[in-house]
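Let's start with one chain on its own, the form predicted on its own, as structure tokens.
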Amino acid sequence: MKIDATLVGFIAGTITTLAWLPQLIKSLKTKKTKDLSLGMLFFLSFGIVLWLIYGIMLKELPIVLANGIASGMLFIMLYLKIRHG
């Protein structure tokens, strides 16, 4: 059985992107971000944007979609951290 690399990429991107969803929902509901590190959110956001650029350069849809969505969620988390943290 041969597994397509693009399929693995979509599955991996979906899982790692969805991993942020519970934290984002909790932060939006409670408006509490005290325990989140601003430095971690900043550096992770910067890295995710670089992954997004990399995916665009390679024209790799799984990388572009996963990191495009993840960067949006992380920017919201950064906003919440700066506003409520």
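Since this is a predicted model, take the numbers as computed values, not measurements. So that there is no doubt, residue numbering starts at 1 and follows the sequence shown.
In what follows, reference is made to the form predicted in complex with another copy of the chain, a form of this protein that is not presented.
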**Message:** Is residue 73 part of the interface with another copy of the chain in the model of the complex - any heavy atom within 4.5 Å?
**Reply:** no
**Asked** Any of the heavy atoms of residue 34 lying within 4.5 Å of another copy of the chain in the model of the complex?
**Response** yes
**Close approach of residue 68 to another copy of the chain in the model of the complex, 4.5 Å, heavy atom** = no
**Fill in**
Looking in the model of the complex, the residues of 35 to 63 with a heavy atom no more than 4.5 Å from another copy of the chain, listed in order, are 35, 36, 37, 39, 40, 43, 44, 46, 47, 48, 50, 51, 53, 54, 57, 58, 60, 62, 63
